[in-house]
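Just one chain is shown here, as structure tokens, and it is the form predicted on its own.
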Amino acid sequence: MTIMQITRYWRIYSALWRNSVAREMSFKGNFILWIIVEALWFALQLCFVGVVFAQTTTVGTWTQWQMVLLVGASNFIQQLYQALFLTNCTNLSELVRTGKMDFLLALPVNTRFIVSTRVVDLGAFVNALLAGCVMAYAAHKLALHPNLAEWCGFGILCLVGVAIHYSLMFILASISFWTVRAQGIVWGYYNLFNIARMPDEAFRGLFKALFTFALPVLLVSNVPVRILAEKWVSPESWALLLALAGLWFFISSRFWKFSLRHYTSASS
């Protein structure tokens, strides 16, 4: 892309942000309620960690506060994804069912871009900040002092994790071109995020392989946290996470183009 194209798309994205802010502020009660609901759900996850460690001292090699750090990081990645892409992925089937996809296809912009970024969930950013505070407290309890390189590595891998979740869920959402309604499939994958809150050492065999390579929810959360928790991270883990991000984004792009070729307007 040229500089002019990047500038143009940045202006479009900025306008979408402004529209999202205006929409959220029009329904302040709903905005605040969902922040509270998500915060309570996060608190329940932390209570679960307390229940587990009331019965044991470690899960694999993970201590209690390392687990809290993992839960915080997992929620942080999940909330970033939710803020940027979740609503758009779940709404794709409605665009197809109602024929609104026709109008998006007619716009002089990349259709995948506009479909993926139309709505921003601002409340999820608030909950991501809450998860960051929990991570900071857990790091304090563990006496961790990550350097700049470790923070940068953590941040990059979190964004890579968001990209993997987006690509996988966008593929599932694109099934709506055939099934019309695909929200159940999309939310089914979203619920798998709960697995990411557990250490990878807690799983064995086929289950671990499935959720490390095919649907890498374990990899997405465990690898970034290992950097902050000063647990050994192999170069192979970095390479695998980056490779999976590239692979799934490529597959999602191909599947999206294939889906568009089979789109039959609901309004015609």
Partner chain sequence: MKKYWHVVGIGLQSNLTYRFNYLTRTLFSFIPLFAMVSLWRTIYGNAAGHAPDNGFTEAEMIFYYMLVAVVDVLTAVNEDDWQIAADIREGNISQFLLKPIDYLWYRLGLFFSGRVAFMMMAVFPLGVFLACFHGYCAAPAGYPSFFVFLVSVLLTALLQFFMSYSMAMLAFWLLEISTFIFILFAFEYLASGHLFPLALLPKPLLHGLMFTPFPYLLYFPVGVYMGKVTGQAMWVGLALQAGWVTLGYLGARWMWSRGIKKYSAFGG
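This is a predicted model, so every value here is computed, not measured. Numbering follows the first chain given and starts at 1.
In what follows, reference is made to the form predicted in complex with the partner chain, a form of this protein that is not presented.
- Residue G184 is the only one of G155, G132, G184, G99 with a heavy atom lying within 4.5 Å of the partner chain in the predicted bound form.
- Between the partner chain and the residues A83, L144, I195, V115, the one pair within 4.5 Å by heavy atoms in the predicted bound form involves I195.
- Only one segment in the set 103 to 111, 155 to 163, 74 to 82, 187 to 195 has any non-hydrogen atom within 4.5 angstroms of the partner chain in the predicted bound form, and it is 187 to 195.
- Proximity of Q55 to the partner chain in the predicted bound form: non-hydrogen atoms within 4.5 Å are present.
- Heavy atoms of I227 never reach within 4.5 Å of the partner chain in the predicted bound form, leaving it off the interface.
- The partner chain is not shown here, but in the predicted bound form it comes within 4.5 Å of a heavy atom of W41.
- Shown alone here, F213 lies farther than 4.5 Å from the partner chain in the predicted bound form, counting heavy atoms only.
- Of all the residues from 159 to 173, the single one having a non-hydrogen atom no more than 4.5 Å from the partner chain in the predicted bound form is L172.
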